[in-house]
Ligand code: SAH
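Shown here is one chain on its own, the form predicted alone, set out as structure tokens.
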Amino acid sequence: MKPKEKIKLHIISTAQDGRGVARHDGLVVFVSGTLEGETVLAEIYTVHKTYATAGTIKVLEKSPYRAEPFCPVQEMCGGCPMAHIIYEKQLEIKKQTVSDALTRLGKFEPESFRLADTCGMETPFRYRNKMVFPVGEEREKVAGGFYAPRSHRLIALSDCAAGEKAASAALGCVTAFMNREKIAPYDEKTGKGSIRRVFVRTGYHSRELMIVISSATERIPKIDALADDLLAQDYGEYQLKSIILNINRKPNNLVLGDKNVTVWGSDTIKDTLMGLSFTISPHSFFQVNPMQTEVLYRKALELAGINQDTTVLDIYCGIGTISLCAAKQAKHVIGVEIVEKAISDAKENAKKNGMENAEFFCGAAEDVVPKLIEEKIKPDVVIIDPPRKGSDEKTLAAILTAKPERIVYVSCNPATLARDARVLADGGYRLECATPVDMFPNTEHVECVAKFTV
């Protein structure tokens, strides 16, 4: 096989990332946009020692699991890599992803724990309350959308079915303004231009809307006129509450810089989660899928078994979402988070919701958690919700030292869940059960909540 060679392939299985898997000349071939049971004409992209990658030219025999397209650019855009698979099959693949991680990487016997079916959505569209659209030039006009897979080649979108229509309306308004006023988008190669991204937050329950313009320059010409255009735009049932200019002058891929300037309205928007009220700023970490977040949190709280005598330690607590949900039932909750702004938000959210039994500490988990356990608390329940890289040895060792009755691990990466689960199991805990939750339909990502007991 050589790059650009065209070959006929039979797809024997579907990989965790949604690509079809074939075999040819002793090599595994990962084929984008295909799934098990299909025969396709494919073009080879890359060839490596043990595998090759390819794209689909034509599907010769379709799988019964193939879904009808719901987006005109879904084959080009990198946003929904599993959109070609019917939703029920996506949920099966995600359950298998968690199973494979725990059994193959974590070395758990399949019979030793209960693995539930993936909790899916009734309607797996319009679920994102945060959309980040890069802007650039396409056919000599400013456009916004997403990048093609593994590239910074812009795929223009007029509407994205992953987010609310209000977000796409905001993007269209900004790009129309840029074309009218001849305002160039930021060019990563030359460092010239101004507007980099359109960042939109929507409140699922509040129906409040925030629009953030990410710029490589301190000022945008005629920004008051842009604000007028955004205020005149129709956002359906959403009400615009905030227009913010975010300054990001660094030549990096970070979504936002450190400096925010409120152009119009409020610095924040509000929303509710599990009956609690939260204030959300551009930099706030707030779960992207509010409907499935409640599914995830209800499951986590159910597994935690919290009552009025329970002391809870919530590690990697963010702005206090799980902490405050637990505080409604617990005696005392302590949250730990490294991001200073998130901790200040958590404290403010506790005050706003009248939670006097929750306190928060700022610092790296590996520094703060051992000290808290040594000097201050003996938790009955530990809830741990780490980033994709998982937890660290010092934090896990401190948890094992504390010997809580239950550990609830909320994971966004099955591989690091499996790694950390093995550490906990070797430290004397039993993996009792795990439940995958589909927070990002039509993508390869899967969240999972697992329970460990002594």
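So that there is no doubt, residue numbering starts at 1 and follows the sequence shown. Since the model is a prediction, treat every value here as computed from it, not as a measurement.
This protein has a second form, the form predicted together with ligand SAH, left out of what is shown; the following refers to that one.
- Though ligand SAH is absent from this view, in the predicted bound form it lies within 4.5 Å of a heavy atom of just one residue from Ile322, Ala346, Val312, Ile269, which is Ile322.
- Of the residues given (Gln287, Gln96, Ser194, Asn353), Gln287 alone sits with a heavy atom within 4.5 Å of ligand SAH in the predicted bound form.
- The stretch from 338-346, 161-169, 370-378, 177-185 that comes within 4.5 Å of ligand SAH in the predicted bound form, counting heavy atoms only, is 338-346.
- For the chain shown alone, Ala326 is not a contact residue for ligand SAH in the predicted bound form, no non-hydrogen atom being within 4.5 angstroms.
- In the predicted bound form, ligand SAH sits within 4.5 Å of a heavy atom belonging to Glu366.
- Proximity of Pro386 to ligand SAH in the predicted bound form: non-hydrogen atoms within 4.5 Å are present.
- The closest non-hydrogen atom of Cys317 lies within 4.5 Å of ligand SAH in the predicted bound form.
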